[in-house]
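In structure tokens, one chain follows: the form predicted alone.
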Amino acid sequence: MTNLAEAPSQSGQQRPGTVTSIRRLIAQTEIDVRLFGMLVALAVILLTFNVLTDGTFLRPTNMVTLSVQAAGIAIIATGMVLVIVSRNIDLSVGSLVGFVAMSYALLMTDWLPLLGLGPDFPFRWAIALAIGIAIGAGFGALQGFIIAYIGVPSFIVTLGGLLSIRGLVWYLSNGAAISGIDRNFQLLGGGAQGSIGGTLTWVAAIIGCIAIVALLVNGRRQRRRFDFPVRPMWAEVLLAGAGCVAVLGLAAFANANLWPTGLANRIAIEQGWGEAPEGGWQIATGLPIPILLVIGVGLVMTWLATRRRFGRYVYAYGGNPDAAELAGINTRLTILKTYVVMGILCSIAASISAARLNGATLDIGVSYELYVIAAAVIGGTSFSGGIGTISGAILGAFVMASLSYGLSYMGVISPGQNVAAGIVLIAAVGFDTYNRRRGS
């Protein structure tokens, strides 16, 4: 008997066979195909650079450094998703990062000591961080108010912010670099001491695995409760297994990154660990704090975007502004809130930059806006509004960072990196436009 999957139809074409079956299986898992494609693209980029560098690129030290460099862009990109989804733009994020980073440095070196909050004052770093976040939120609120309530286009407002805030950075520091911030604040920048260590990394990985399984079980229970279709059990098991393997693999990779031998031996002597073993102490750094910040911000922003009224309002407005207003949504306040969120996220990214440099320079945050917008767009955010995901933007940030770091690792200078980033951005937008036209 002829196999129906291979039998020709009356039109002379073959019936869908193996390809259709594979598509049906993928559809049953409900995996975001675009997100999965980006994961594959990221893997291809990393493997390509590893081959071009004779297997030296995919070392734990390089990958941790790459991740820390991508952290600031990824954090801001989560907010840029909401801004672009609401049919606006924010070109001032890089300048705001530079201004807040300089404020952090001056707070801990000049301003707080004048108030009696010297280096020995406990939680001085937390006070500086809170003030910096307030500064970022204030700038965001100002720009959001001008856009939402006065009606000036977001492109003009944030372009003015890009120029004026960058000028304020110079006036703030009189054109000089500032160094010498609080030692506890420096931990936010990562590094050997700015990481949580091997044991806590495994604990975090186990908690992550439990969370993945719990979310899948709860989602299945909720679907059954409201009589929604559920995924096949094999798909649930596959997703849980793949998620846990990925989390545990990342933890193992992070723990393969070790402290510098000299620093490890010095810490061991200070803490009285005894005689060092042959070859020195081997201490796993584990997950850097900036990566934990990215994870935390990603979870909070996903919760805001998908589980809270604010997020639903943003997507409703981006999908159809007129319908959103007719539905009773306070669209002006919603837009204002998106820029306040952006200001807060810029302050968090600025803390990472200032901590890594142990201070601030005039060029912190330069070109951030380009990479942030590129990360959001590559992650699937549409300039037409109403479409975009937080996870896609984070993944887009790591794609951009992988290209930049890989080219830098191979000795390509900054202009060459910008050429590659521009090509990738144009290709991503072109591919997205093509898919939307074909779908319509």
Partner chain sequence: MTVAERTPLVELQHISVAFGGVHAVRDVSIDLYAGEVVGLVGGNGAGKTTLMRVLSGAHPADSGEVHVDGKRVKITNPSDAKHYNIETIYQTLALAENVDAPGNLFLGRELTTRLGSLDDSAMEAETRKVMGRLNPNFKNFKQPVQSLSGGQRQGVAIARAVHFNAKILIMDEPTAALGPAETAQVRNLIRQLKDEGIGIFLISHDIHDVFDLSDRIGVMYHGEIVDIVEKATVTPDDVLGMIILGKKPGEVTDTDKAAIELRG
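Residue numbers count along the first chain shown, from 1. Just so we're clear, the structure is a prediction, and the values are computed from it rather than from any experiment.
Here the subject shifts to the form predicted together with the partner chain, a form of this protein not shown in this document.
A residue is said to contact a partner when one of its heavy atoms sits within 4.5 Å of a partner heavy atom; residue 243 fails this definition for the partner chain in the predicted bound form, lying far away. Although the partner is absent here, residue 282 is not a contact residue: none of its heavy atoms lies within 4.5 angstroms of the partner chain in the predicted bound form.
In the predicted bound form, residue 253 stays away from the partner chain, with no heavy atom inside 4.5 Å.
In the predicted bound form, no heavy atom of residue 202 sits within 4.5 Å of the partner chain.
Put simply, of 149, 303, 121, 155 only one has a heavy atom within 4.5 Å of the partner chain in the predicted bound form, and it is 303. The stretch that touches the partner chain in the predicted bound form, counting heavy atoms within 4.5 Å, is 319-327, out of 112-120, 132-140, 336-344, 319-327. Using a 4.5 Å cut-off on any heavy atom, the residues of 211-226 that reach the partner chain in the predicted bound form are, in sequence order, 222, 223, 225, 226.
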